[in-house]
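The chain below stands alone, shown as structure tokens; this is the form predicted alone.
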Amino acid sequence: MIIKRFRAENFRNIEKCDIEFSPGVNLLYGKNAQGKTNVVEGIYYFSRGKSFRGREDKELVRFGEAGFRIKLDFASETGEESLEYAMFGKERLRKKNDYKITKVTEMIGSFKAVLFYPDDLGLVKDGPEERRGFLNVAAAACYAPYIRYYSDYKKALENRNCILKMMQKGLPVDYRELESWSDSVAEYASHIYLFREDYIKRLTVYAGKILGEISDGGEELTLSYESSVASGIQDRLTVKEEYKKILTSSIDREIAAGVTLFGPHRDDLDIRINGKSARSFASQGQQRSIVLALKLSEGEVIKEICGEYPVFLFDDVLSELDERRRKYVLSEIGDRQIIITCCDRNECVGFTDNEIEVSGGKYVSSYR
């Protein structure tokens, strides 16, 4: 998958831009707050259907303007494609290959990208929520039904929690309704569990290999899924029944808490380096190597399942890596397209195919 062109109007600090990209390494460089990350944000919007900065769409509009428009032209194994999104007030316009579409879910899945940005460096040390977020984004890029199952799971979970909260307060409830929502939670959870199990198995193979190469064989990485259901179950109906048993046996604790205490929303990704918990024992350098291995492996799994590499977006993270790790990233490009943002262009000397100077929302390209 290769980005050919990105266009934006009144998006963040960009009044108007039209940027062409090389199939290899593209560098956006310039001082801070000039608009480098805004391009990455606009591109990645088409992969997830929302900003990775967690903003509402109205906050993406250039100051003083009524709305914004972004468009992406890219090539995939199926041919030339385009995606477009515009927002003006309450109006939304979405297009796929110049045809109008009505739902954001119709846009997600066509364009695939792996994003590595500074917040990702907390994947190892931060809490389970960060790793669950990583799993959700990564799995959604590989398995088309994942987003739907996870969305349905969250709705069922919300309704079950509402009933538990009522029971905690001593209010009258229909136990059949609780049982019905528990069944729905178990149903959707079983699908999520199997997708995550499969994904982590694939990810482990690539991440272990990459970390081994970065460390010259000195470090071994293992990943495992920490779930309320025992790892390794392959039959979905068995997984569902296990979830139902857990929800039934924990009902008294959950009424006391007023929330559902078990399920995919509480699971974690266990990361170990040389057999020890990376969260507890990994040095800062090891943490960076692990996260780098995970993000590069994320792309490899997409390639394995979907048949082609995603676009790799490295937003202001090369400066966080030492020279050895930077060279590893830049020298192992192969047939992948990478878009990098940084302040110092010298960090990528000798590796770039296209350099784009960024200043005040303006973009000037120079091919090497």
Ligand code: ATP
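Don't overthink the numbering: it's just position in the shown sequence, from 1. These numbers come from a predicted model, not from an experiment.
The form predicted together with the named molecule is left out here; the points below concern that form.
Stretch-level contact analysis of 42-50, 324-332, 58-66, 306-314 against the named molecule in the predicted bound form, using heavy atoms and a 4.5 Å limit, identifies 58-66.
Taken together, the three residues R12, N32 and C343 all come within 4.5 Å of the named molecule in the predicted bound form, as judged by their closest heavy atom.
The named molecule is not drawn, but in the predicted bound form it has no heavy atom within 4.5 Å of N26.
The named molecule in the predicted bound form is approached by N38, whose closest heavy atom lies within 4.5 angstroms of it.
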